[in-house]
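Next up: a single chain in structure tokens, the form predicted on its own.
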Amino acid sequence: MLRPKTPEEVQEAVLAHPRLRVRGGGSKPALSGPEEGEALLDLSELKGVVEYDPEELVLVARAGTRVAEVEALLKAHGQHLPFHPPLSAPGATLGGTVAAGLSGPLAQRFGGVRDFLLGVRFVDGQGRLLKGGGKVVKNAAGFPFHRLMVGALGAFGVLVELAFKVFPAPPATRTLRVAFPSLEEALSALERLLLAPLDLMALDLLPPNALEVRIGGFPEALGPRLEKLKRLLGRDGEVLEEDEAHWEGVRNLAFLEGPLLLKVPSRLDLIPLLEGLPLGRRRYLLGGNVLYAEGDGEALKALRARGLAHLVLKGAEDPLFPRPQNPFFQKVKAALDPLGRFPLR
């Protein structure tokens, strides 16, 4: 196992090994487990915050820095990573979060990881230390090359440093949980919320027929906003006054324990089909646009039989379906990793 501590040591490792697999905190083992013939490049020692100025709302850190460490630093200044990186408790790192393209429940309000990544430094397949984007918001103009790294699963290079835009955290939050008589009524209510001019931090569907809505802001404003939500939904539901621990569990996917952990792109019209598949415990985040579910071999078989795209985070040797075939991906791959050192070769 290779454990570089500097970007220069990452360059040396890339040039010394024909095939590499990168691992950060190991929180998504299906993506970081080396295949036969691959050397494991463990970035857990390539860590630390490089720059952080709370007044500029920008943070720069090494790729192996744990999300939990960064969030503790930001929290001390009343700030946070608005895309709510999943799996922080199991040890997710900044680099792994970007490479997997994962965002948590608060992306409903603020946007996903792609929207908050200002720039990256990375080592490509020829051992070159390259950069894309910048370290401040005003310099992040032009072609957003750095965003190609979001969800690329390390196919284009090894991330060594990342710059993020950060936000002030809301001073208070509340959650409304409402159950409906059927999935159809829950989906109808979900659609009404998506179309209404509401400022919702999170909007999740809990199968078979419940919604969870999180709002944030000044404490005195939350009560009237909750009443407005109840009137819109036509139901009182249950209010969680202290909801932080609950949403920490959601973003850490603590409700999933099966042998397979799946992320499935979704849509409102696709949810009835997904609900008919042999999936285990599950939850639809971001207004029904992302499904996280547990499953087994039958679940994987059912998804692939219907041609439904998905990413396996734990429990399968072939985590991505379908594999990228579009010409743009192939051209970028050929330019940055011509020798096929990295995944998706």
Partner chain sequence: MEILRELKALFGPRLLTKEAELAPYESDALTAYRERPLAVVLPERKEEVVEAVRICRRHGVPFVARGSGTSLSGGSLPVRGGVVIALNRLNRILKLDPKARLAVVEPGVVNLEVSRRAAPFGLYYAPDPSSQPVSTIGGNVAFNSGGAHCLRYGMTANHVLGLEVVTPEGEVVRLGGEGLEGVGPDLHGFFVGTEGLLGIALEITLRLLPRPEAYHTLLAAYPSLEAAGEAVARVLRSGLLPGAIEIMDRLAIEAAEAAVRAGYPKAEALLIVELEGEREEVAEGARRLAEVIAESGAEEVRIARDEAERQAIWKGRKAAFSAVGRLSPDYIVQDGVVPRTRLAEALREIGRLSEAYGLRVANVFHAGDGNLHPLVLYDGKRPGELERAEALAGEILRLCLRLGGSITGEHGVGMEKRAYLAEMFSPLEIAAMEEVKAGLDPLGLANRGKVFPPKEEAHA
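Numbering follows the first chain given and starts at 1. Predicted model only: the values in this text are computed from it and were never measured.
Here the subject shifts to the form predicted together with the partner chain, a form of this protein not shown in this document.
J.: Could you confirm whether residue 255 comes within 4.5 Å of the partner chain in the predicted complex, counting heavy atoms only?
T.: Taking the distances in the predicted complex, the answer for residue 255 is no, it never comes within 4.5 Å of the partner chain.
J.: So in the predicted complex, does any heavy atom of residue 186 sit within 4.5 Å of the partner chain?
T.: No - in the predicted complex, heavy atoms of residue 186 and the partner chain never come within 4.5 Å of each other.
J.: In the predicted complex, does residue 225 have a heavy atom within 4.5 Å of the partner chain?
T.: Residue-level check for residue 225: yes, a contact with the partner chain.
J.: Would residue 56 show up as a contact with the partner chain in the predicted complex if we use heavy atoms at 4.5 Å?
T.: Yes, residue 56 lies within 4.5 Å of the partner chain in the predicted complex.
J.: Verify the flagged residues 144, 199 and 320 against the partner chain in the predicted complex: is each one within 4.5 Å by a non-hydrogen atom?
T.: Yes, because 144, 199 and 320 each have a heavy atom that approaches the partner chain to within 4.5 Å in the predicted complex.
J.: If the cut-off is 4.5 angstroms on heavy atoms, which of these, 207, 91, 151, 237, is the one near the partner chain in the predicted complex?
T.: Exactly one listed residue reaches within 4.5 Å, namely 151.
J.: Have a look at 239-247, 188-196, 271-279, 174-182 and name the one stretch with heavy atoms inside 4.5 Å of the partner chain in the predicted complex.
T.: Only one stretch qualifies here: 188-196.
J.: Only counting heavy atoms and a 4.5 Å limit, does any residue of 207-228 reach the partner chain in the predicted complex, and if so which ones?
T.: Stretch hits, in order: 216, 217, 218, 220, 221, 224, 225, 228.
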